[in-house]
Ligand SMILES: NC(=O)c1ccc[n+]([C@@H]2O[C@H](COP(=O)([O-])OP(=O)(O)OC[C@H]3O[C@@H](n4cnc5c(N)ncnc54)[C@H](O)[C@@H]3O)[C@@H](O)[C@H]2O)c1
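Just one chain follows, in the form predicted on its own, and it is written as structure tokens.
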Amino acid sequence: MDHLRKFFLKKRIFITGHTGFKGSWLTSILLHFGSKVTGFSMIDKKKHFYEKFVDYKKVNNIYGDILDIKLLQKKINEQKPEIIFHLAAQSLVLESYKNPYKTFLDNCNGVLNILEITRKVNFVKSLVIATSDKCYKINGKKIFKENDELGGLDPYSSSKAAAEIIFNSYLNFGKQNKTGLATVRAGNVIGGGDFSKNRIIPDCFKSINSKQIILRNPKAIRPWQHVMDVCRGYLILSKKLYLSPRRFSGPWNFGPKKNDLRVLDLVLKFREISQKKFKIKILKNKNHKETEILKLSSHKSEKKLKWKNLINREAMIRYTVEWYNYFLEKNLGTTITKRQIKNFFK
């Protein structure tokens, strides 16, 4: 993967949502490559966790709201990034039920702002926008391709579908723009350093102390993959967009071929590998219905980007358990994060 290291060395990178789960890993990887990273994020309750495993002293940190287009535009114009990764979003399904209005604002207007700012400048060579695999309309299909119909019943899913529609409009009327524009729809991502509420791996991590985990939808099948595999996909795509914008602009799926697991099976595997004892409780009265089976076709990424998951099912969970075990012991994740990145990108 030396071609990525050489390409990103000293590149000016702007990441929105750089203190989130995927954003923190992407930031760490780009620092490993020697990039000049600027991050734009809200200051939230989880920030002190991420500061324990990301070397933010090497990052130009800007804290603000993605909805503040004047501030965002000012900072982008000041930094003049060559590549932008837009990861800032309201990323939780259950939270979208509690606050649908804010979910739509963050996930739609955030994308609108970054597209409009990028449209007006000539220094951005590639823009990668993270949406979700849940942007597809659930209509009986079990495996989704990039050209399948968009939709969503819950606020989170429909906000991501709406963001894709906004993106497609900008892509079509802005074809004369020399900036490569892409959305990325990743399957369920796991790995160390995820501290979000109501997500399976953070819940497993917390269950080590509480001795119990509660599952809402144990039979649901999801396309699980490790965060480093997904970040690698984003990096490959951003490089392709930089070098050949018209050829690689558009939507891209990033999902595994063989890591599809039921939620319950993933938890059982986590418990086995971690050798931690905790009970599994099934929540019977669910307020919100979730899709039972969700799989992605990543044929386009495999063929055109030469991308695939390099971390298999067993290693994916072992990487994750290793990270949390280290963090529990040391209350610090910088060393284990750097070690895992170095081993993965050899």
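Heads up: residue numbers just count along the shown sequence, starting at 1. Since the model is a prediction, treat every value here as computed from it, not as a measurement.
Not on display, but discussed next: the form predicted in complex with the named molecule.
- When you measure heavy atoms, are Ile66, Leu87 and Ala186 every one within 4.5 angstroms of the named molecule in the predicted complex? Checked in the predicted complex: all three residues contact the named molecule.
- Task: Although the named molecule is absent from this view, report whether Met42 comes within 4.5 Å of it in the predicted complex, heavy atoms only.
- Result: It does: once the named molecule is placed as it appears in the predicted complex, Met42 has a heavy atom within 4.5 Å of it.
- Task: Decide whether Ser196 counts as a contact residue for the named molecule in the predicted complex under a heavy atom distance cut-off of 4.5 Å.
- Result: It does: once the named molecule is placed as it appears in the predicted complex, Ser196 has a heavy atom within 4.5 Å of it.
- Query: Just to confirm, Phe270 within 4.5 Å of the named molecule in the predicted complex by heavy atoms?
  - Reply: It does not: once the named molecule is placed as it appears in the predicted complex, Phe270 has no heavy atom within 4.5 Å of it.
- Any of the heavy atoms of Arg222 lying within 4.5 Å of the named molecule in the predicted complex? Because no heavy atom of Arg222 falls inside 4.5 Å of the named molecule in the predicted complex, the answer is no.
- Item | Among the candidates Asp260, Asp106, Glu82, Asp203, the residue which, in the predicted complex, approaches the named molecule to within 4.5 Å (heavy atoms) | Checking each option against the named molecule in the predicted complex, the one that comes within 4.5 Å is Asp106.
- Tell me, please, which stretch of 245-253, 272-280, 130-138, 73-81 lies within 4.5 angstroms of the named molecule in the predicted complex when heavy atoms are compared? Selected stretch: 130-138.
- Of 143-167, which residues get within 4.5 Å of the named molecule in the predicted complex if you count heavy atoms? Stretch hits, in order: Tyr156, Lys160.
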